[in-house]
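Subsequent text provides structure tokens for two forms of one protein chain, presented individually as structure 1 and structure 2.
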Structure 1
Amino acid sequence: MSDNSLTRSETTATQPVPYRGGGFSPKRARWVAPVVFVILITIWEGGARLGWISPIILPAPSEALNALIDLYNSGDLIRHLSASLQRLVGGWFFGTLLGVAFGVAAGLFTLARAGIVPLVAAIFPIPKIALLPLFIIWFGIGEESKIATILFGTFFPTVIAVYGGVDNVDRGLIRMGQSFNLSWWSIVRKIILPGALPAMLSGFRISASIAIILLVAAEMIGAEYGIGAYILLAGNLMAMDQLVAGVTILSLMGLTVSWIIGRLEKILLRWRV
């Protein structure tokens, strides 16, 4: 075909083998994300300033930022944040605790599994806002009902993640434990729980996101302070700048949680290949 005779100049055609590899493996490009955000926000701000985006439709990012600064200066930001964080941490913690307990049970015992799994499947898809009236009556209008909403929201995905994780623990390792006469409790503690940890952590990722999403619903019930309450009020008043500011706080909370869990994974799952 080509006749560029290389080192070995003969009459036979000599050519490099055609290259056909590469691709199909997106690399990390850390610089892109900030650039994308900056570009988007610039367009948005520019659009708003030039009047392409009507302020009713979407406030300029600078307005949202001003709302955020106002909020900070008024001292309410801390009050909103701490109220929300307490609910988040409380609800998430107990939801996770219960979820892990039920999930491990469902992962280990035939009866528990047969009872828990279909119940979870039936109750998980129920939207929590539909249950708010029930929650008010059951748990009152204090912190309990807000924490219960978040607890409820985190419990189900945790159960699912944990029993999936327990299921996926290499049965070979369990058999190894038995073959060395480890006690039942040793096997659970030293083999099953660490083995299910990766699945649990990725379950926590999901349940933490859900908990943040549910803040708004939880704070529909008689909350004076809280990021969710702030957003609800902004929505009520059609104060779009505050709405966007509040939503941004939620989004930052989500990113923070995801970063924390990422760190935890790095540390706790060092052993993973």
Structure 2
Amino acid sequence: MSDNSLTRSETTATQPVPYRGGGFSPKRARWVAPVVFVILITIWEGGARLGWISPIILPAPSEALNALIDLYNSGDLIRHLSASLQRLVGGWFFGTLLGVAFGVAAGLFTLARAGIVPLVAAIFPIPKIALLPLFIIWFGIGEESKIATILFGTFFPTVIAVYGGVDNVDRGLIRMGQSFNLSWWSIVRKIILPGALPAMLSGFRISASIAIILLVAAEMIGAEYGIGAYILLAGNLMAMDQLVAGVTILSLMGLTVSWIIGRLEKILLRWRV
């Protein structure tokens, strides 16, 4: 072998190898979502102004914005939004709290799992809005029936998410904790709950979306104030600009909930690389 070949081989052998074990870490592209929204709204507005989209079918975004401004100036926006948020927060909070408790119990205890999992599998497929008349009979036409509908609807997906997260925690980590003579509570607090937290937060996203859907459906039945009642009235009056404004409020509520849960993920899941 010639000296030049040896030199090239030595140079190749001493070159640093790029690190490829960074894991799955998607890059942030915060500008993409605003650009997509701007493009869609621009196409929508242009199509409405050029007459390609009938205002009877779908009004222009500017008309919906004017309806939203009028709703705010009249003071009804605060009334509708505050009523909806009270029902949403109350129903989702208590439904999630009970769902976490039952999901953790099903994941940790054999008897609880044997009783809870089949019950959840039997009741979860039932459309919860179909039970609203039953809740009205039980709790009346007031706030209790609406909150109960949201609570009942968010409870079951939370149980499933929490139970799945607890059940899928790496058994090797649990055995390691046992080999270090950690107590049962320490294993639950330091290994099982942190390991199940990503699945739990994903379940919170799903249950929050379900809560908003059930909120609108419940408010369309016997509610004077609320975003669902506002959308129902706008639909009955064929006021499409007001209807789109109401749907926009619901979309903003969903984005806000998603942002809050995203912040929680960044705070609570810092340990995950």
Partner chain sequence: AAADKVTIGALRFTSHSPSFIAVEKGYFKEEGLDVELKFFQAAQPIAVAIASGDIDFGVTALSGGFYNLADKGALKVIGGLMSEKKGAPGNTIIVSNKAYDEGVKTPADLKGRSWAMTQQGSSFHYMAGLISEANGFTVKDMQLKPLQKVGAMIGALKSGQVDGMAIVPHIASALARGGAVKVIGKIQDMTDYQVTTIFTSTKNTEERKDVVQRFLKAYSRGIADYLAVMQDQEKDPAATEAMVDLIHKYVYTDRPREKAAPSIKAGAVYLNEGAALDVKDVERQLKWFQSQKLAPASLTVDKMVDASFVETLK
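The structure displayed is predicted, hence computed values, not measured ones. For clarity, a rigid core is taken as the largest C-alpha set superposing within 1.5 Å between two forms. Residue numbering: sequential along structure 1, first residue numbered 1.
Note: the form predicted together with the partner chain is the first of the two, structure 1. When two forms of a protein are overlaid on their rigid core, residues whose CA moves 2 Å or more are considered shifted, and residue 164 is not one of them between structure 1 and structure 2.
In the core-superposed comparison between structure 1 and structure 2, the CA atom of residue 109 travels 2.4 Å. Core-aligned Cα shift between structure 1 and structure 2 at residue 186: this is 4.0 Å.
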